[in-house]
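A lone chain, given as structure tokens: the form predicted alone.
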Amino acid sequence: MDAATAFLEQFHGETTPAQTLAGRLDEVCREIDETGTYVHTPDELTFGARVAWRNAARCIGRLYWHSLRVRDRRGIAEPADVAAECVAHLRDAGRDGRIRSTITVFAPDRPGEAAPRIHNEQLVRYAGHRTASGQVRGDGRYADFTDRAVELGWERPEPPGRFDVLPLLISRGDAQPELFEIPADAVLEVALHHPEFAWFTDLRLRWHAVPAISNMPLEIGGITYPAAPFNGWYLGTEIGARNLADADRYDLLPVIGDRLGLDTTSERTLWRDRAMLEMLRAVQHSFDSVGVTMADHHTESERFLTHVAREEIAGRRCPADWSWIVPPVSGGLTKVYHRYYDEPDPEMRPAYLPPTPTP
């Protein structure tokens, strides 16, 4: 009840609902007494999901928090139905490249009722296939998850590829997850090419366009929604400087450096820096050339400071994790680098919570 009261006071303080705060609190108190929980109104759910984004200390794109589209699917709890709505989410959010910030909220935890849970980190991730030589073909970070999917019955594509979309693993509570394939036409992907180097196309790289995080529970007013996949749109550095570049992911910087003819025998030649910049140019150019929404780190840094200023004017704290807000490329050239922010507060609510450990 304390958490509900704090949230409803915030909701009534920032919006103008028809019902009085006192009336709503009485209603919620009775509901909790009778059932052990309560049900958010659609407006409360929308407000809570948006404010959870506003409170997300690791997100640089929070200027747009008030435009988050909320798909209310709280009546859905069966894994097959959750999977179908996840596919619908990808289609609705993708919009042929005009990416729209979207969240789909499924059934919450309730006394005696197991809520659905999506075990994937994102709705779309690529498999990591272990080879006989001990290497990983595909995304190295997801080799263990891929093995788990295989143990549960997923059949690897033959031959295994570098960009095989993993199935969804969905369960009711801690029950055994069920597998659900994502239809190919629901996954918007962009083939990568470089604005100058024709050989880049020969690498046959691509990446999906809708980054829908799916394993972070949403908590609003004491109610937890374990399955609430949400997306914004990609920052170019997420793909070009992390997903395709990190040594435990695709580790492509040595390949790019070799194609560029760089001296890779010493770190002092800064070959990694040069290779990463060209990778980032290819990613940004590829998304732009086909009209798929993607932010760049310079523009988004300026927009984030606009968000911070607006929050200060509103009299609100704006917690930010500096190491996540500052981009992994040319950080010192962005305005977000040159200041500090309110420390993240793990008790701040509403919030997207850290992922629940996988049993």
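Bear in mind the structure is a predicted one, so any value in this text is a computation, not a measurement. Note that residue numbering begins at 1 and tracks the sequence as displayed.
Just so it is clear, the following notes concern the form predicted in complex with ligand HEM, a form of the same protein that is not shown.
K.L.:
Using the spot ligand HEM takes in the predicted complex, and overlaying the site C-alphas onto this chain, is the pocket open or blocked (blocked: 3 or more ligand atoms within 2.4 Å of backbone or C-beta atoms)?
P.N.:
Check passed, pocket reads open.
K.L.:
So ligand HEM isn't shown here. In the predicted complex, which residue out of L168, M216, I223, A245 has a non-hydrogen atom within 4.5 Å of it?
P.N.:
Partner contact (heavy atom, 4.5 Å) among the options: M216.
K.L.:
Just one of E85, E238, D139, D164 has a heavy atom within 4.5 Å of ligand HEM in the predicted complex. Which one?
P.N.:
The residue in contact is E238.
K.L.:
Is H298 near ligand HEM? Define near as a heavy atom within 4.5 Å, in the predicted complex.
P.N.:
No.
K.L.:
So, in the predicted complex, is Y38 in contact with ligand HEM at a 4.5 angstroms heavy atom limit?
P.N.:
Residue-level check for Y38: no, no contact with ligand HEM.
K.L.:
Might N231 be said to contact ligand HEM in the predicted complex, defining contact as any heavy atom within 4.5 Å?
P.N.:
The answer is yes: N231 has a heavy atom within 4.5 Å of ligand HEM.
K.L.:
Would you please decide whether G61 lies within 4.5 angstroms of ligand HEM in the predicted complex, comparing each non-hydrogen atom pair?
P.N.:
Yes, G61 lies within 4.5 Å of ligand HEM in the predicted complex.
K.L.:
Considering ligand HEM in the predicted complex, find the one stretch among 329-337, 49-57, 305-313, 23-31 with heavy atoms no farther than 4.5 Å from it.
P.N.:
Only one stretch qualifies here: 49-57.
K.L.:
Taking ligand HEM as it sits in the predicted complex, which residues of 95-115 have a non-hydrogen atom within 4.5 Å of it? Please list them.
P.N.:
Residue within 4.5 Å: S101, and no other.
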